[in-house]
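This document opens with one chain alone, in C-alpha cells, the form predicted alone.
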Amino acid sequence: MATKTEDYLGIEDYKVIGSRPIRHDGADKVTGRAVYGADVQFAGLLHGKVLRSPHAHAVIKSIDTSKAEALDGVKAVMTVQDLPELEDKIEDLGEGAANLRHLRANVLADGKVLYHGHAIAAVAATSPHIAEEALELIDVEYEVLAPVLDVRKAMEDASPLLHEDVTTQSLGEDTGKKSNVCAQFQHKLGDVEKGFAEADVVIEREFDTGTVHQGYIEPQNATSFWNQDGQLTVWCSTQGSFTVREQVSEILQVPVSSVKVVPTEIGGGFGGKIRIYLEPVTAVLSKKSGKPVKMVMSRTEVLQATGPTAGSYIKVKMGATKEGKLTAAQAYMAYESGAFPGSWAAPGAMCIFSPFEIENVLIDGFEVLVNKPQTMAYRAPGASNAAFASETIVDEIAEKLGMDPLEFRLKNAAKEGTRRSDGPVFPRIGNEEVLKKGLNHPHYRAPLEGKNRGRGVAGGFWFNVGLKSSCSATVNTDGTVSLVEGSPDIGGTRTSISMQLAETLGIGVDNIKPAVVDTDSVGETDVTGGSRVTFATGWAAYEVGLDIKKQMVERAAKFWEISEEDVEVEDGVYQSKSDPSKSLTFKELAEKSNQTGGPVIGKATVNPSGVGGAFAMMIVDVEVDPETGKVDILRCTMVQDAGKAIYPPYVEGQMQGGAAQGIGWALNEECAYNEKGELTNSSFLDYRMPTCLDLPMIETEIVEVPNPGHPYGVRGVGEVPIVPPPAAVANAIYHAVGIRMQELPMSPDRILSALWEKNGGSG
C-alpha cells in the first residue's frame, strides 16, 4: 500500500518504501529461535575465561601460569607472549582507527596494565567453573603506579605518563613531546575576535561530562575454532564482521583468506561492538587446545574492560547581537581517549556548532590519555558532549535577548550552502524544517503548569558516513528473491534494505528473503555504525535491483523473441511496447527463468559519497523535586529529519532509543571511579540506566527532506537522536528551578548542591 509523506521537496509516493511490514527477523527474535553469540554450541567446546587487573595503572613484573596449567580440566593457557609482536600500523576500523600494536596490548596487557579490568591472561577449560578456578592460580606480580583519571590533570606536564612512546601530534605534526595529550587539532572559520567584538551578548561557560557506557543488553562474546588445515572460524556478536576479520588477521598475522567471521545476532552495540576483545584470545586458545573455545563476558567485565564513550571537559564561548544573530563561537574541547590513543574530540568538533550559521568560529580539540578503557563510539560519538555545551549556552543567550529559544535557533539555522567550521559546505539539509516542526508542535504549544516544572529544547547534528557495502540476490522460480548482505542487523535493517530492493523491483517486500552472511559469502561490507546501513547497504540493494531488472528485461525479450528496447517495466510488470498483449509479472517471468537461460543473479558493491547529514531536536518537560534533587521526565518529543523514512517503525525506534539513552546520560549514567582508578559501579544494579518506569512514551515526529545524494533520499537516523537530550534536559531543569547545570550526569546530589548554592546555602 502506498503511503503519503509530508511533501517538502516533491517526495515521490512509493509502493513499498514508507510502509510498515512485519520485520523479517521478528518471529525468530520474539520466539527465542534467533542465535546470539552465547548460543553457539559445538561438540567438545571449551570455555574460556580472562584474568583481569585489579589495578588501574601498574607494571607487570612477572606472570606465573604453571599452577593453572596443571589444574585438571585446563586445556590451554595464554598471555600476550602468545600473540605475534606487531609494529606501529594504523588500521581503519570503519568507525574509528586503531594502532595495531595498541590493539594487541588492549587484547592482553603487554608489560603494563592501563585500566582496572585490563586483560592479563586467559585459560580454556572443560567448564567455565574450572576456568574460573584456574584464573585464581595465576600469580601476577605488579608494581602499582599512580592512576591518571581526570582529563585536565592528565594534560599537565607533571602528570604520570601512560605510554613512554606516545608523543603529541599537534596540527598534523609530531612534536616529539612525550605527553598524555596524544593529539591536538584546530578548526578555524573567519575571525573569531572580530565576531565577539560585534556581539552585544557574550556568554562563556565550562562543562564536564562523565564517562558513560553504551549499556547494550548482550555482553561481548566470541567462539573460535582454529582447524588443523589452518583455517580459523570466529563466531561473534559484532557490528562489523569484516572489521573483526581484519583485526584478527593483523593481530594473529595470518592472511584474511584464512579467517572467516560468522556474525551471530547482536543484542545491541551502539558503537561498542566494533573493536575486538575476545576474538584473538579464543583463537589462540583454540589453536593450543585443538578444540573450539567460547568466551562470554560477565556484565562486570563489560563495564570494566570494554570501551565506553569519552568523558570530556569543554569550554564554550558564544556571542550574538541584540537582534539575535550569532556572530562568533569558540570551543576548547578536551576528550578522554582512555588507555590508548584514538578519541572522539574530532567528531565532537565537527558537530558542536554545525546546526548554526556562524561566520566566525575557532575550535581547539585535544585527545587525552587516562587510566580508563579505551573509549569507543557511542551513537554520534562526541556530539552529545558537544551539544550539551553549545545548546545550553544558546538557550541562555536566547533568554538574555528575550527570544523564544526555537525562534532564536531558526534565525541562526545552518542551511544549504552554510560552511561548517571543519570545511564541508552543507548540501540540501532539513535543519530548518526540523526546527519549524518543533516550533509548531502541539507539545511545544501546550501549556505547562505546576510548581518546579520546566520545558527545555535543544537541537543536534550528526554528519553520518557512507563506506563500503555489498549485496547479491538470486531470483527464485517462485518469484521470491533471496537477498544476501553483510551488514549485521541491530534494529531492523534486514527489512529496510529489503524494502529498497523490493521497491526497485516493483514487488512486495514479503517476496524478499534477506540473510546476513559470513565474510566468505558476500563482498566486503563495513560496520553497522555511523548511521550508514540503510543508506549504503540499501543503496547496494538498489543497484542489485537495477541489475536484476536489466537481466529480467533480457529474459522477457528472449522469451517473446523481441528486442530488449521493445520491453518496458512498470510496477514489476514486463510488457512489450509494440504488443501490449505480451505481458508478464515479475513472478510469471521468474517462473520461466530456466527456459530463458537459468538463474538470474544480481550483485553490487558501492562506496557512496552522497552522505546527507541529519538534524534532530528534542522538546522535554521535567519536574524537579527540590527536597531530593530527583528529576522526573513528564513528556518528551523527538523531531528528526530522516531524509526518507524507508521503514518508519525502525526510524521511530531509533529516535525513541536515542532519546532514552540520552536522558540516561543526562540524569544518571556515569562510570564511577575511585581515587585508585577502580570502577565502583560495575553492574546494572549500580550503573543506573533508565527503565520504562523512568520514562514516558517518547513521542516521535519524522520530518522528510530527501537527501539528494541517495536514490531514495535516505539520511542515516540512528546516531543523531542521542545528541539533543542532555542539553534539552539541562534547559528544562533551568526553566523548572532556575539552575544552569554544567556537569553530566545531572544526578540528584548535583541538583541539590546547585539548589543549595542558588539559595545561598539555606536549602
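A quick note: this is a predicted structure, and the numbers were derived from the prediction, not measured. In case it trips you up, residue 1 is the first one in the sequence shown, and so on.
Missing here is the form predicted together with a further copy of the same chain; even so, the following discussion is about that form.
Checked against a further copy of the same chain in the predicted complex, the residues 610, 290, 657, 267 give one hit for a heavy atom within 4.5 Å, which is 290. Checking 101, 260, 428, 205 for any heavy atom within 4.5 Å of a further copy of the same chain in the predicted complex turns up a single hit: 260. Within this chain, residue 480 lines the site of a further copy of the same chain in the predicted complex, having a heavy atom no more than 4.5 Å away. Within this chain, residue 31 lines the site of a further copy of the same chain in the predicted complex, having a heavy atom no more than 4.5 Å away. Residue 191 falls outside the set of residues with a heavy atom inside 4.5 Å of a further copy of the same chain in the predicted complex.
Residue contact with a further copy of the same chain in the predicted complex: residue 225 places a heavy atom within 4.5 Å of it. Although the partner is absent from the chain shown here, 255, 468 and 522 each have a heavy atom within 4.5 Å of a further copy of the same chain in the predicted complex.
Figure note: of the listed segments 336 to 344, 601 to 609, 672 to 680, 170 to 178, the one touching a further copy of the same chain in the predicted complex, with heavy atoms no more than 4.5 Å away, is 601 to 609.
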